[in-house]
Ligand SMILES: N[C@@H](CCC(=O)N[C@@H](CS)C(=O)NCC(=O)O)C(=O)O
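Quick setup: one chain, the form predicted on its own, written in structure tokens, and binding and motion questions come after.
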């Protein structure tokens, strides 16, 4: 029997919710280990230098941190049932949705969890308290949870979530659910009957925060197609499925892609511009800080200050690099798609200073 991989995470963890369904879909043998305080101290921090989950531990003692790195690492080892479409337009869309899920959906995920903390206090206390260990008495777990959730709840301001933007986030997110519900009435996943990297990126917030948290789960009570998608992508086993033939991109994805380019992409471009200035001003820095100042979040007519997170540029580079690699008819097809979703001009941006990840740290490339 093949020795399993080990996934360190928690059920309510945003990004664990991206990797877990991927492992299940691929049929990769794995066991999930609860990321307790003891596991952080004993294994996760010493082996990664970070306090983030999920973390993958391979049978041959390699350790991989960051969901995108984990998935790409495993795709290299398990190429069957691939989650990156081979065709140019579909791959571009899949990569764009990964950026959308990873870097924009923390807004509704964190807003609904922490702005409605009092309404779901018991659930949050129990969920975060579990990191003390499953066999620790419940009261003690809750006391530990109270110490841990503080920094997470404190992330609202840095993300630009406030009394001004909260209602705008909710209005947009309900629009998104309506668009996604319409799309899923015709397709099992974003691009056909096979999940792509974009589906797994959306699975993190929609399962770990929206489906599990009591308050936002009420938004799904009449979203039968979205609910079925959450259950389907988290199923223990799934048929392989296929991406749509002929590099087809469903028209039902256009409203979501238009929103991505209208409201998320300007934030990414500003992040890239500000990061280049920061690197110019800090030439001797060995690593890039997790946040490097402030800029403006604009969502659904509301505006708020938020921190600049350079990691978002690393994610943005993925669809941009794919787009820049296209030639001839492939590029013409991608340009036509981008024109339809109001993204053509946005994708012409030249990143002034590229970044990469080195030993789990963001550095100038």
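Positions refer to the first chain, counted from 1. Everything quoted here is computed from the prediction, not taken from an experiment.
Separately, the form predicted in complex with the named molecule exists; it is not shown, and the next lines address it.
Stretch-level contact check against the named molecule in the predicted bound form with heavy atoms at 4.5 Å: of 295-303, 334-342, 23-31, 48-56, the positive one is 48-56. The named molecule is not drawn, but in the predicted bound form it has a heavy atom within 4.5 Å of residue 67. When the named molecule is considered in the predicted bound form, residue 43 lies well away from it, no heavy atom lying within 4.5 Å. Although the partner is absent here, residue 261 lies well away from the named molecule in the predicted bound form, with no heavy atom inside 4.5 Å. Proximity of residue 290 to the named molecule in the predicted bound form: non-hydrogen atoms within 4.5 Å are present. This chain lacks the partner; the member of 123, 117, 73, 152 within 4.5 angstroms of the named molecule in the predicted bound form by a non-hydrogen atom is 152. Applying a 4.5 Å heavy atom cutoff to the named molecule in the predicted bound form picks out 13, 14, 15 from 2-23, in order along the sequence.
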